[in-house]
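For reference, the chain that follows is the form predicted on its own, supplied as structure tokens.
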């Protein structure tokens, strides 16, 4: 049974990663063929940096992804703290249910509903162009928020609630308690939420296709427009670079989310409480 289990696991990994391996191999092909290797070369990587349209779409995508990830992380972290501090369990459950709707909803439903909302608001305001970078940014923040909240909430629940209260008793203001005691402890969850929001925003096509205007083209929309004619091999090189970056972000995310701590006295919240205790003792002297 163990042999069959390992064989099955190997087959699953081959099924998952064989397409990526083929893409990476073809990106180093010296010819234009996607079925025959004509030699190893970096030709298509050089051609990638000469393709102005693709680089412009990549720049737009990076701008959108970073902006959406930053806004989603800030809003999602504050929302997670607020949800955790709700006293009413029914209200907390209702808020969590509403928060999870963008995550559970099909992308096409979210995209169409947001597009109709933007067109409606744009008509009321008398705007010439209903869809732009800003509508795309709002749409990305909308579907990123649940993932950030679900990344930060578990870290908040793992934190000892007595530590922030001890900081308050030692003369710390609520804002100081949050930034110096709570924030360092939940930072791994915040980092995970930021990385997840960035990758989801970078990868999105369906919602972006419905909420972007003609003046702003993301990489996924650019590649989709190329499929109607022919995909240039330099896209394989770009996809390989994106895969390498995402793999690196995944490694960073896993390392930042490790639960083990060297010692209890070295945990962020205990260091923060000790710092406040030291200041309080110094003031008393």
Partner chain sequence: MNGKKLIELRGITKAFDGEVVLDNISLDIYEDEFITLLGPSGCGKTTTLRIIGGFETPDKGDVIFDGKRINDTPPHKRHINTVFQKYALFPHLNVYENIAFGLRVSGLKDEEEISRRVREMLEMVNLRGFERRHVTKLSGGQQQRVAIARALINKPRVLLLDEPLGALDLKLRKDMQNELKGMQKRTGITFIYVTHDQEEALSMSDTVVVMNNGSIMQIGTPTDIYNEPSNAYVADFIGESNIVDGVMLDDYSVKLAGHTFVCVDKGFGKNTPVDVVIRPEDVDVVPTAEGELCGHVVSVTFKGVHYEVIVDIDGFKWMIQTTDYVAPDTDIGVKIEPDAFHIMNKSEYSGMFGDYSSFSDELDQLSENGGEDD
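Residue numbers count along the first chain shown, from 1. Computed from a prediction, not measured in an experiment: that's the story for all the values here.
Form predicted together with its partner chain: not shown, discussed below.
For the three residues 163, 169 and 180, verify that every one has a non-hydrogen atom within 4.5 Å of its partner chain in the predicted bound form; reply yes or no. Yes, each of 163, 169 and 180 comes within 4.5 Å of its partner chain in the predicted bound form.
Taking 4.5 angstroms as the cut-off for heavy atoms, does residue 133 touch its partner chain in the predicted bound form? No, residue 133 is distant from the partner.
Taking any heavy atom pair closer than or equal to 4.5 Å as contact, tell me whether residue 184 reaches its partner chain in the predicted bound form. Although its partner chain is absent here, residue 184 would touch it in the predicted bound form, with heavy atoms inside 4.5 Å.
Answer yes if any heavy atom of residue 176 is within 4.5 Å of a heavy atom of its partner chain in the predicted bound form; otherwise answer no. Yes, residue 176 sits close enough to its partner chain in the predicted bound form that at least one of its heavy atoms falls within 4.5 Å.
Option from 193-201, 98-106, 155-163, 115-123 whose residues, in the predicted bound form, bring a heavy atom within 4.5 Å of its partner chain: So the stretch in question is 155-163.
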